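Just the one chain here, laid out as C-alpha coordinates, in the form predicted alone.
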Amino acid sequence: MTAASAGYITDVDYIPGFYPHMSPVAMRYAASLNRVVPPATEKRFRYLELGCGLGRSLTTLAAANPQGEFVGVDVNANHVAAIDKDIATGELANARAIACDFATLPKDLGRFDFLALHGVFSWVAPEVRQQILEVAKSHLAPGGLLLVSYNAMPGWAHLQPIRGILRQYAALRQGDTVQRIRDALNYLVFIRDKKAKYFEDNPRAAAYVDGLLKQDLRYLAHEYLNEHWTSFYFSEVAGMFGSAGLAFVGSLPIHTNFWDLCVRPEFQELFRTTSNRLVTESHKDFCANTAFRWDIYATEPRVMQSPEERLKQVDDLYFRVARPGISLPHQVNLGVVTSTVQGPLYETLLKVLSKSSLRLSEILKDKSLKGNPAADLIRAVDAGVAMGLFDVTAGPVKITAKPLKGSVAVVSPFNRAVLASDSLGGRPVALASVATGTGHTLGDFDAAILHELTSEGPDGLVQRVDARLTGSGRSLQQEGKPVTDTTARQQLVESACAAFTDTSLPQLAQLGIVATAD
(Lines give C-alpha, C1' and ligand atoms only; values in the text may rest on other atoms or scores of the structure.)
Protein backbone atom coordinates (compact mmCIF):
# COMPACT_ATOMS: atom_id res chain seq x y z
CA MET A 1 0.00 0.00 0.00
CA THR A 2 1.13 3.52 -0.72
CA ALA A 3 2.12 5.56 2.32
CA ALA A 4 -0.38 8.39 2.48
CA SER A 5 -2.00 10.92 4.77
CA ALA A 6 -5.76 11.07 4.25
CA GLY A 7 -5.25 9.58 0.79
CA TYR A 8 -2.45 11.99 -0.20
CA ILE A 9 0.75 10.54 -1.67
CA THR A 10 3.66 10.94 0.77
CA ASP A 11 6.10 8.18 -0.17
CA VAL A 12 7.23 10.17 -3.22
CA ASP A 13 8.53 13.70 -2.77
CA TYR A 14 6.94 16.33 -4.98
CA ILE A 15 8.88 18.20 -7.66
CA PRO A 16 10.23 21.70 -6.97
CA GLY A 17 8.69 24.63 -8.77
CA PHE A 18 7.99 28.35 -8.52
CA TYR A 19 4.47 29.65 -9.26
CA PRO A 20 4.29 33.44 -9.81
CA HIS A 21 0.52 33.54 -9.24
CA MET A 22 1.27 32.88 -5.57
CA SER A 23 3.13 36.16 -5.10
CA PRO A 24 1.58 38.89 -2.94
CA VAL A 25 1.97 41.37 -5.81
CA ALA A 26 -0.08 39.18 -8.18
CA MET A 27 -2.80 38.60 -5.58
CA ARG A 28 -2.91 42.30 -4.63
CA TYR A 29 -3.18 43.48 -8.22
CA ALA A 30 -5.95 41.00 -9.05
CA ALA A 31 -7.91 42.16 -6.01
CA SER A 32 -7.47 45.84 -6.82
CA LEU A 33 -8.48 45.19 -10.42
CA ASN A 34 -11.75 43.84 -9.00
CA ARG A 35 -12.20 46.91 -6.77
CA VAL A 36 -11.21 45.15 -3.53
CA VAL A 37 -8.66 46.78 -1.21
CA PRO A 38 -5.77 44.31 -0.74
CA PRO A 39 -3.53 44.07 2.33
CA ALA A 40 -0.63 46.52 2.39
CA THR A 41 2.87 45.08 1.91
CA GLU A 42 5.15 48.11 2.00
CA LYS A 43 6.21 47.53 5.60
CA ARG A 44 5.28 44.29 7.36
CA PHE A 45 2.93 41.49 6.33
CA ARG A 46 2.44 37.77 7.02
CA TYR A 47 2.05 34.99 4.43
CA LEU A 48 1.00 31.37 5.03
CA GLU A 49 1.25 28.56 2.47
CA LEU A 50 -0.63 25.33 3.14
CA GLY A 51 0.82 22.24 1.47
CA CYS A 52 4.00 24.04 0.46
CA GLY A 53 5.73 20.93 -0.98
CA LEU A 54 9.45 21.52 -1.44
CA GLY A 55 8.85 25.19 -0.74
CA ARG A 56 10.46 26.84 -3.72
CA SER A 57 7.60 29.32 -4.11
CA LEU A 58 7.69 30.05 -0.37
CA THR A 59 11.44 30.67 -0.19
CA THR A 60 11.64 32.60 -3.47
CA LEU A 61 8.87 34.93 -2.31
CA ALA A 62 10.53 35.31 1.09
CA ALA A 63 13.76 36.36 -0.61
CA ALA A 64 11.85 38.81 -2.84
CA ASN A 65 9.91 40.30 0.09
CA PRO A 66 12.29 40.68 3.05
CA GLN A 67 9.71 42.84 4.86
CA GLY A 68 7.26 39.92 4.99
CA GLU A 69 7.10 36.85 7.22
CA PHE A 70 6.59 33.58 5.32
CA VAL A 71 5.39 30.35 6.91
CA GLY A 72 4.96 27.06 5.07
CA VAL A 73 3.11 23.96 6.26
CA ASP A 74 3.48 20.49 4.78
CA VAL A 75 2.71 16.98 6.06
CA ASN A 76 5.81 15.51 4.37
CA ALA A 77 8.82 15.74 6.69
CA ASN A 78 11.22 15.33 3.75
CA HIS A 79 9.74 18.43 2.14
CA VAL A 80 10.18 20.45 5.32
CA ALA A 81 13.78 19.27 5.72
CA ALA A 82 14.53 20.43 2.16
CA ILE A 83 12.93 23.81 2.88
CA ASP A 84 14.95 24.19 6.07
CA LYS A 85 18.11 23.58 4.05
CA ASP A 86 17.12 26.21 1.47
CA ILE A 87 16.31 28.69 4.25
CA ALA A 88 19.73 28.13 5.82
CA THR A 89 21.79 28.31 2.62
CA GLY A 90 19.73 31.25 1.36
CA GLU A 91 20.13 33.13 4.66
CA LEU A 92 16.37 33.73 4.90
CA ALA A 93 15.58 35.10 8.34
CA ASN A 94 11.94 35.72 7.39
CA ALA A 95 10.87 32.18 6.46
CA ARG A 96 10.13 28.95 8.30
CA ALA A 97 8.48 25.61 7.58
CA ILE A 98 6.34 23.45 9.83
CA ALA A 99 5.91 19.68 9.46
CA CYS A 100 2.31 18.91 10.42
CA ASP A 101 -1.15 18.43 8.96
CA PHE A 102 -3.76 21.18 8.75
CA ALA A 103 -5.60 19.95 11.83
CA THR A 104 -2.62 20.27 14.15
CA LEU A 105 -1.21 23.71 13.37
CA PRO A 106 0.56 25.45 16.25
CA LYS A 107 -1.93 27.27 18.45
CA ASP A 108 0.18 30.43 18.44
CA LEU A 109 0.37 30.65 14.64
CA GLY A 110 -1.60 33.90 14.54
CA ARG A 111 -3.29 35.60 11.60
CA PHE A 112 -1.99 36.19 8.09
CA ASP A 113 -2.56 38.78 5.37
CA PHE A 114 -2.13 36.18 2.63
CA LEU A 115 -2.98 32.48 2.61
CA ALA A 116 -2.08 30.36 -0.42
CA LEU A 117 -2.60 26.72 -1.38
CA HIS A 118 -1.59 25.37 -4.75
CA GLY A 119 -1.87 21.71 -5.78
CA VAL A 120 -3.78 20.85 -2.61
CA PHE A 121 -7.54 21.43 -2.73
CA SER A 122 -8.35 18.93 -5.51
CA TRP A 123 -6.08 16.24 -4.08
CA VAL A 124 -7.10 15.83 -0.44
CA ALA A 125 -9.93 14.11 1.40
CA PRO A 126 -13.19 15.99 2.14
CA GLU A 127 -12.27 16.21 5.82
CA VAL A 128 -8.96 17.85 4.91
CA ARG A 129 -10.78 20.39 2.73
CA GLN A 130 -12.92 21.16 5.76
CA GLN A 131 -9.74 21.65 7.78
CA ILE A 132 -8.56 24.13 5.14
CA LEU A 133 -11.78 26.11 5.57
CA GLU A 134 -11.28 26.11 9.34
CA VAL A 135 -7.70 27.36 8.91
CA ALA A 136 -8.99 30.17 6.68
CA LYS A 137 -11.59 31.18 9.24
CA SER A 138 -9.09 31.12 12.10
CA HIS A 139 -5.90 32.43 10.51
CA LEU A 140 -6.82 34.83 7.67
CA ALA A 141 -6.85 38.40 8.93
CA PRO A 142 -9.77 40.74 8.12
CA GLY A 143 -9.23 42.00 4.59
CA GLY A 144 -6.77 39.19 3.94
CA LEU A 145 -6.55 37.35 0.62
CA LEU A 146 -6.65 33.58 0.03
CA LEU A 147 -5.45 31.98 -3.20
CA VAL A 148 -6.64 28.47 -4.05
CA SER A 149 -5.94 26.44 -7.20
CA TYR A 150 -7.92 23.38 -8.25
CA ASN A 151 -8.86 21.14 -11.15
CA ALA A 152 -11.99 22.59 -12.70
CA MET A 153 -15.02 21.44 -14.60
CA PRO A 154 -16.10 21.24 -17.35
CA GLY A 155 -12.56 21.19 -18.73
CA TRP A 156 -11.76 17.92 -16.96
CA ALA A 157 -14.92 16.15 -18.12
CA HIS A 158 -13.33 14.41 -21.12
CA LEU A 159 -10.05 13.76 -19.27
CA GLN A 160 -11.28 12.16 -16.05
CA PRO A 161 -11.27 8.64 -17.56
CA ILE A 162 -7.50 9.04 -18.09
CA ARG A 163 -7.01 9.66 -14.39
CA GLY A 164 -9.29 6.71 -13.62
CA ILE A 165 -7.44 4.19 -15.77
CA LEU A 166 -4.03 5.37 -14.54
CA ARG A 167 -5.04 4.94 -10.92
CA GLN A 168 -6.81 1.61 -11.48
CA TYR A 169 -3.91 0.09 -13.41
CA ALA A 170 -1.28 1.43 -10.99
CA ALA A 171 -3.10 -0.24 -8.11
CA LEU A 172 -2.58 -3.62 -9.81
CA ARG A 173 1.16 -3.20 -10.30
CA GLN A 174 4.13 -4.01 -8.06
CA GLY A 175 6.93 -1.74 -6.91
CA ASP A 176 7.06 1.76 -5.51
CA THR A 177 4.75 4.58 -6.54
CA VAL A 178 7.05 5.84 -9.30
CA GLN A 179 7.33 2.39 -10.87
CA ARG A 180 3.58 1.86 -10.71
CA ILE A 181 2.80 5.20 -12.39
CA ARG A 182 5.40 4.35 -15.06
CA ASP A 183 3.67 1.02 -15.73
CA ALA A 184 0.25 2.68 -15.81
CA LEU A 185 1.45 5.34 -18.25
CA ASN A 186 2.89 2.67 -20.55
CA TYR A 187 -0.47 0.87 -20.47
CA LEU A 188 -2.29 4.11 -21.30
CA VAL A 189 -0.03 4.66 -24.32
CA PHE A 190 -0.59 1.07 -25.42
CA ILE A 191 -4.39 1.30 -25.46
CA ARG A 192 -4.22 4.75 -27.07
CA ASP A 193 -1.95 3.51 -29.86
CA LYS A 194 -4.13 0.44 -30.36
CA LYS A 195 -7.06 2.84 -30.92
CA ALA A 196 -9.25 2.08 -27.93
CA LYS A 197 -12.72 3.43 -28.65
CA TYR A 198 -12.49 6.05 -25.90
CA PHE A 199 -9.51 7.63 -27.64
CA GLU A 200 -11.12 7.38 -31.06
CA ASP A 201 -14.16 9.25 -29.74
CA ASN A 202 -12.03 11.77 -27.80
CA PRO A 203 -9.13 12.91 -30.02
CA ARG A 204 -8.17 15.67 -27.55
CA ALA A 205 -7.72 13.04 -24.86
CA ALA A 206 -5.48 11.05 -27.23
CA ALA A 207 -3.31 14.13 -27.76
CA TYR A 208 -3.28 14.78 -24.01
CA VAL A 209 -1.39 11.53 -23.47
CA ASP A 210 1.57 12.93 -25.42
CA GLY A 211 1.79 15.72 -22.86
CA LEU A 212 1.84 13.21 -20.02
CA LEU A 213 4.87 11.50 -21.57
CA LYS A 214 6.88 14.73 -21.11
CA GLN A 215 6.03 15.07 -17.41
CA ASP A 216 8.12 14.09 -14.40
CA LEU A 217 6.85 10.76 -13.02
CA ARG A 218 6.82 12.24 -9.50
CA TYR A 219 4.42 14.92 -10.70
CA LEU A 220 2.19 12.32 -12.36
CA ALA A 221 2.09 10.25 -9.19
CA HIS A 222 0.88 13.23 -7.13
CA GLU A 223 -1.48 14.44 -9.83
CA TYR A 224 -3.25 11.18 -10.62
CA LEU A 225 -2.79 8.63 -7.84
CA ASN A 226 -4.11 10.52 -4.83
CA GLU A 227 -7.13 8.69 -3.50
CA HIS A 228 -9.42 11.71 -3.24
CA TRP A 229 -8.57 13.44 -6.54
CA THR A 230 -11.52 15.68 -7.41
CA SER A 231 -12.41 18.27 -10.03
CA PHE A 232 -14.84 21.01 -9.04
CA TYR A 233 -17.28 23.38 -10.62
CA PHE A 234 -16.54 26.97 -9.65
CA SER A 235 -19.88 27.26 -7.84
CA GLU A 236 -18.94 24.32 -5.58
CA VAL A 237 -15.68 25.91 -4.46
CA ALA A 238 -17.30 29.34 -4.05
CA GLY A 239 -19.96 27.72 -1.90
CA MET A 240 -17.40 26.04 0.34
CA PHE A 241 -15.38 29.19 0.94
CA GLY A 242 -18.58 31.20 1.25
CA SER A 243 -19.61 28.95 4.13
CA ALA A 244 -16.33 29.94 5.82
CA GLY A 245 -17.13 33.63 5.44
CA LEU A 246 -14.91 34.31 2.42
CA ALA A 247 -16.05 36.16 -0.71
CA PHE A 248 -14.77 35.58 -4.24
CA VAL A 249 -12.86 38.64 -5.44
CA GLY A 250 -11.07 37.60 -8.64
CA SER A 251 -8.77 35.12 -10.32
CA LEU A 252 -5.42 34.60 -11.97
CA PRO A 253 -3.99 34.83 -14.57
CA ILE A 254 -5.10 38.44 -14.96
CA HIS A 255 -6.85 37.96 -18.31
CA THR A 256 -9.39 35.64 -16.64
CA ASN A 257 -10.90 38.73 -14.98
CA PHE A 258 -11.91 40.04 -18.44
CA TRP A 259 -14.73 37.92 -19.81
CA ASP A 260 -14.26 39.31 -23.33
CA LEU A 261 -10.74 37.81 -23.29
CA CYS A 262 -12.04 34.39 -22.23
CA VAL A 263 -15.07 33.78 -24.45
CA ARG A 264 -15.78 34.13 -28.16
CA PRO A 265 -17.76 37.15 -29.42
CA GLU A 266 -20.93 35.14 -30.05
CA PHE A 267 -21.24 34.51 -26.30
CA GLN A 268 -20.45 38.00 -25.09
CA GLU A 269 -24.03 39.27 -25.04
CA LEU A 270 -24.73 36.66 -22.37
CA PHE A 271 -22.17 38.34 -20.13
CA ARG A 272 -23.43 41.86 -20.78
CA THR A 273 -26.82 40.87 -19.37
CA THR A 274 -25.50 38.92 -16.34
CA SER A 275 -24.69 41.07 -13.32
CA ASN A 276 -24.06 38.28 -10.77
CA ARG A 277 -20.30 37.57 -10.71
CA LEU A 278 -20.71 34.02 -9.42
CA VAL A 279 -23.05 33.20 -12.32
CA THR A 280 -20.72 34.93 -14.79
CA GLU A 281 -17.77 32.80 -13.66
CA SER A 282 -19.78 29.61 -14.21
CA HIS A 283 -20.85 30.77 -17.68
CA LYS A 284 -17.25 31.64 -18.51
CA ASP A 285 -15.95 28.21 -17.50
CA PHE A 286 -18.35 26.52 -19.90
CA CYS A 287 -17.58 28.91 -22.75
CA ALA A 288 -13.82 28.51 -22.19
CA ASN A 289 -13.92 24.81 -21.16
CA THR A 290 -11.84 25.71 -18.10
CA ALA A 291 -9.78 22.84 -16.66
CA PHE A 292 -7.83 24.65 -13.92
CA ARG A 293 -8.56 27.71 -11.81
CA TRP A 294 -6.58 30.04 -9.56
CA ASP A 295 -9.19 31.86 -7.46
CA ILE A 296 -8.79 34.61 -4.88
CA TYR A 297 -11.10 34.99 -1.88
CA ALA A 298 -11.18 37.60 0.86
CA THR A 299 -12.50 37.80 4.36
CA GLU A 300 -14.40 41.00 5.16
CA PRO A 301 -13.38 42.61 1.84
CA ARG A 302 -13.44 46.38 1.52
CA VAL A 303 -14.86 47.43 -1.85
CA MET A 304 -13.56 50.50 -3.69
CA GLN A 305 -16.32 52.57 -5.25
CA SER A 306 -14.35 54.53 -7.86
CA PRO A 307 -11.07 54.75 -9.79
CA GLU A 308 -10.12 57.66 -7.55
CA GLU A 309 -10.44 55.46 -4.48
CA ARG A 310 -8.22 52.85 -6.13
CA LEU A 311 -5.54 55.51 -6.58
CA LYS A 312 -5.85 56.39 -2.92
CA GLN A 313 -5.88 52.83 -1.55
CA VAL A 314 -3.59 50.90 -3.92
CA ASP A 315 -1.10 53.26 -5.53
CA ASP A 316 2.03 51.39 -4.48
CA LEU A 317 2.01 49.01 -7.46
CA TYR A 318 4.23 49.86 -10.43
CA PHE A 319 3.69 49.21 -14.14
CA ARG A 320 6.29 48.72 -16.86
CA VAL A 321 6.61 47.30 -20.34
CA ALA A 322 6.53 43.51 -20.07
CA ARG A 323 9.67 42.92 -22.15
CA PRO A 324 12.14 44.91 -24.26
CA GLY A 325 11.35 45.44 -27.92
CA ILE A 326 7.60 44.92 -27.67
CA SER A 327 5.66 46.86 -30.30
CA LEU A 328 2.17 47.47 -31.64
CA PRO A 329 -0.03 46.01 -32.89
CA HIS A 330 0.42 43.43 -30.14
CA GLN A 331 -1.54 40.24 -30.68
CA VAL A 332 -2.06 37.52 -28.10
CA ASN A 333 -3.92 34.21 -28.10
CA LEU A 334 -5.30 33.43 -24.66
CA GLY A 335 -6.63 29.98 -25.49
CA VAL A 336 -10.11 30.77 -26.76
CA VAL A 337 -9.89 34.19 -28.41
CA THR A 338 -7.13 36.12 -30.13
CA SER A 339 -6.98 39.77 -29.11
CA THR A 340 -4.99 42.68 -30.50
CA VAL A 341 -3.73 45.76 -28.67
CA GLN A 342 -3.29 48.83 -30.84
CA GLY A 343 -4.20 52.48 -31.17
CA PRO A 344 -2.75 55.89 -30.22
CA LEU A 345 -3.44 55.53 -26.50
CA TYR A 346 -1.50 52.27 -26.27
CA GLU A 347 1.29 53.71 -28.43
CA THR A 348 1.72 56.53 -25.92
CA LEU A 349 1.48 54.21 -22.91
CA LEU A 350 4.09 51.94 -24.47
CA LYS A 351 6.51 54.86 -24.91
CA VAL A 352 5.92 56.14 -21.37
CA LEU A 353 6.33 52.77 -19.67
CA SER A 354 9.36 51.87 -21.79
CA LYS A 355 11.27 54.72 -20.14
CA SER A 356 10.49 53.95 -16.50
CA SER A 357 8.17 51.97 -14.28
CA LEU A 358 5.37 54.14 -12.90
CA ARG A 359 2.50 54.02 -10.42
CA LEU A 360 -1.03 54.62 -11.71
CA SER A 361 -1.05 58.13 -10.26
CA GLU A 362 2.20 58.91 -12.09
CA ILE A 363 0.80 57.55 -15.36
CA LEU A 364 -2.25 59.81 -15.03
CA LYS A 365 -0.01 62.85 -14.48
CA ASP A 366 2.23 62.20 -17.49
CA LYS A 367 2.02 65.17 -19.87
CA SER A 368 1.94 62.99 -22.99
CA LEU A 369 -1.29 61.36 -21.73
CA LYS A 370 -3.02 64.62 -20.84
CA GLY A 371 -6.63 64.82 -22.03
CA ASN A 372 -7.43 61.14 -21.53
CA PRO A 373 -10.06 60.49 -18.82
CA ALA A 374 -8.59 58.76 -15.77
CA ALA A 375 -11.02 55.84 -16.06
CA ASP A 376 -9.99 55.24 -19.69
CA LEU A 377 -6.28 55.30 -18.83
CA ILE A 378 -6.68 52.89 -15.93
CA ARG A 379 -8.80 50.57 -18.07
CA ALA A 380 -6.15 50.62 -20.82
CA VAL A 381 -3.34 49.83 -18.38
CA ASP A 382 -5.32 46.94 -16.89
CA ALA A 383 -6.17 45.54 -20.32
CA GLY A 384 -2.51 45.89 -21.31
CA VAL A 385 -1.49 43.82 -18.29
CA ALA A 386 -4.12 41.21 -19.11
CA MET A 387 -2.77 40.85 -22.64
CA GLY A 388 0.90 40.76 -21.69
CA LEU A 389 1.83 44.24 -22.88
CA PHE A 390 2.59 45.55 -19.38
CA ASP A 391 3.83 43.98 -16.16
CA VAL A 392 3.03 44.78 -12.52
CA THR A 393 5.74 45.01 -9.87
CA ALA A 394 5.86 45.66 -6.14
CA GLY A 395 8.37 48.49 -6.53
CA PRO A 396 10.15 50.65 -9.10
CA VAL A 397 12.30 48.89 -11.68
CA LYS A 398 15.21 50.70 -13.29
CA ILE A 399 14.82 50.61 -17.05
CA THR A 400 18.09 51.08 -18.90
CA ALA A 401 19.68 49.67 -22.03
CA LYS A 402 23.23 50.28 -20.81
CA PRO A 403 25.40 47.13 -20.77
CA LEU A 404 27.04 46.09 -17.52
CA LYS A 405 30.72 46.88 -17.24
CA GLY A 406 33.28 44.96 -15.22
CA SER A 407 32.70 41.87 -13.15
CA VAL A 408 29.13 40.93 -12.20
CA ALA A 409 27.77 39.48 -8.96
CA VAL A 410 24.48 37.92 -7.90
CA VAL A 411 23.17 40.14 -5.11
CA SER A 412 21.08 37.75 -3.00
CA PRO A 413 22.56 34.82 -1.03
CA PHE A 414 19.34 32.94 -1.81
CA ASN A 415 19.79 33.40 -5.56
CA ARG A 416 23.44 32.36 -5.33
CA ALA A 417 22.42 29.18 -3.52
CA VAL A 418 19.69 28.41 -6.09
CA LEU A 419 22.09 28.86 -9.00
CA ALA A 420 24.64 26.58 -7.35
CA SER A 421 22.09 23.81 -6.73
CA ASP A 422 19.68 24.04 -9.68
CA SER A 423 21.73 25.04 -12.75
CA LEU A 424 21.47 22.37 -15.46
CA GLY A 425 19.03 20.50 -13.24
CA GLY A 426 16.54 19.94 -16.03
CA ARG A 427 13.96 22.41 -14.70
CA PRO A 428 13.50 26.20 -14.94
CA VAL A 429 15.30 28.20 -12.24
CA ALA A 430 13.48 31.02 -10.43
CA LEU A 431 15.48 33.90 -8.96
CA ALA A 432 14.06 36.38 -6.45
CA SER A 433 13.78 40.11 -7.20
CA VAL A 434 13.18 42.54 -4.34
CA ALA A 435 12.35 45.23 -6.91
CA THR A 436 9.39 43.29 -8.30
CA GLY A 437 8.43 41.34 -5.18
CA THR A 438 8.38 38.04 -7.01
CA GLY A 439 10.54 35.48 -8.79
CA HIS A 440 11.77 35.50 -12.38
CA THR A 441 12.47 32.30 -14.27
CA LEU A 442 15.52 31.38 -16.32
CA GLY A 443 16.12 28.27 -18.34
CA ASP A 444 18.48 25.95 -16.48
CA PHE A 445 21.13 26.39 -19.21
CA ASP A 446 21.02 30.18 -18.88
CA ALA A 447 21.21 29.68 -15.12
CA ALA A 448 24.44 27.72 -15.62
CA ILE A 449 25.87 30.56 -17.71
CA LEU A 450 24.93 33.07 -15.02
CA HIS A 451 26.41 30.91 -12.28
CA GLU A 452 29.73 30.50 -14.08
CA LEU A 453 29.86 34.17 -15.08
CA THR A 454 29.25 35.49 -11.57
CA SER A 455 31.22 32.89 -9.62
CA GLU A 456 34.33 32.61 -11.82
CA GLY A 457 34.21 35.66 -14.12
CA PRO A 458 34.06 36.11 -17.91
CA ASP A 459 37.49 34.65 -18.74
CA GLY A 460 37.09 31.09 -19.99
CA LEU A 461 33.29 31.30 -19.65
CA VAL A 462 32.52 29.34 -22.84
CA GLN A 463 34.92 26.53 -21.96
CA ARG A 464 33.57 26.19 -18.42
CA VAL A 465 29.94 26.18 -19.53
CA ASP A 466 30.71 23.63 -22.25
CA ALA A 467 32.49 21.40 -19.71
CA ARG A 468 29.52 21.61 -17.32
CA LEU A 469 27.13 20.79 -20.14
CA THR A 470 29.19 17.76 -21.13
CA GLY A 471 29.51 16.59 -17.54
CA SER A 472 25.77 16.85 -16.96
CA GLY A 473 24.99 14.48 -19.82
CA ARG A 474 22.72 17.10 -21.36
CA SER A 475 22.79 17.94 -25.06
CA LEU A 476 22.03 21.07 -27.04
CA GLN A 477 19.41 20.86 -29.74
CA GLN A 478 19.56 22.24 -33.26
CA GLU A 479 16.59 21.82 -35.61
CA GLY A 480 15.10 19.39 -33.12
CA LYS A 481 18.12 17.10 -33.05
CA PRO A 482 20.90 16.77 -30.43
CA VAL A 483 24.23 18.27 -31.45
CA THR A 484 26.95 15.62 -31.06
CA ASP A 485 29.82 17.27 -32.95
CA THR A 486 32.20 18.86 -30.42
CA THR A 487 33.03 21.92 -32.54
CA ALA A 488 29.39 22.59 -33.39
CA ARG A 489 28.38 22.25 -29.74
CA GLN A 490 31.08 24.68 -28.62
CA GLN A 491 29.92 27.19 -31.23
CA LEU A 492 26.37 26.95 -29.89
CA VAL A 493 27.61 27.43 -26.33
CA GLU A 494 29.61 30.47 -27.43
CA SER A 495 26.55 31.98 -29.13
CA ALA A 496 24.39 31.26 -26.08
CA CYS A 497 26.90 32.92 -23.74
CA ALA A 498 27.11 36.00 -25.96
CA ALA A 499 23.32 36.30 -26.25
CA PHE A 500 22.92 35.91 -22.50
CA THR A 501 25.54 38.56 -21.74
CA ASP A 502 24.10 41.02 -24.27
CA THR A 503 20.38 40.53 -23.62
CA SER A 504 19.50 38.66 -20.44
CA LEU A 505 22.15 40.08 -18.14
CA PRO A 506 21.01 43.73 -18.50
CA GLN A 507 17.44 42.63 -17.78
CA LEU A 508 18.55 40.81 -14.63
CA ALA A 509 20.39 43.99 -13.60
CA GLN A 510 17.18 46.01 -13.99
CA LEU A 511 15.47 43.56 -11.65
CA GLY A 512 18.26 43.95 -9.09
CA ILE A 513 19.18 40.27 -9.36
CA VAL A 514 22.72 41.05 -10.54
CA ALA A 515 24.94 44.10 -10.13
CA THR A 516 28.45 45.13 -11.00
CA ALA A 517 30.85 43.79 -8.40
CA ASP A 518 33.32 46.68 -8.65
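Predicted, not measured: the structure shown is a model, and the values here were computed from it. Residue indices: 1-based, along the sequence shown.
One more form of this protein exists, namely the form predicted together with a small molecule; it is left out here, but the text below deals with it.
ask   = Between the options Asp183, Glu347, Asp216, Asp101, which residue brings a heavy atom to within 4.5 Å of the small molecule in the predicted bound form?
value = Answer to the contact question: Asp101.
I need to confirm a contact call. Of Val314, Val263, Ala435, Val75, which residue comes within 4.5 Å of the small molecule in the predicted bound form, counting heavy atoms only?
The option sitting close enough to the partner is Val75.
- [ ] Work out which of the listed stretches, 479-487, 32-40, 465-473, 52-60, brings a heavy atom within 4.5 angstroms of the small molecule in the predicted bound form.
- [x] This holds for exactly one stretch, 52-60.
(Q) I'd like to know whether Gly119 contacts the small molecule in the predicted bound form, with contact meaning heavy atoms within 4.5 angstroms. (A) Contact check for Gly119: yes, within 4.5 Å of the small molecule in the predicted bound form.
Heavy atom of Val124 within 4.5 Å of the small molecule in the predicted bound form = Yes, contact at 4.5 Å.
Please run the contact check for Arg293 against the small molecule in the predicted bound form: heavy atoms, 4.5 angstroms, yes or no? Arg293: no, not in contact with the small molecule in the predicted bound form.
Examine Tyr19 and determine whether its closest non-hydrogen atom to the small molecule in the predicted bound form is within 4.5 angstroms.
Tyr19: contacts the small molecule in the predicted bound form.
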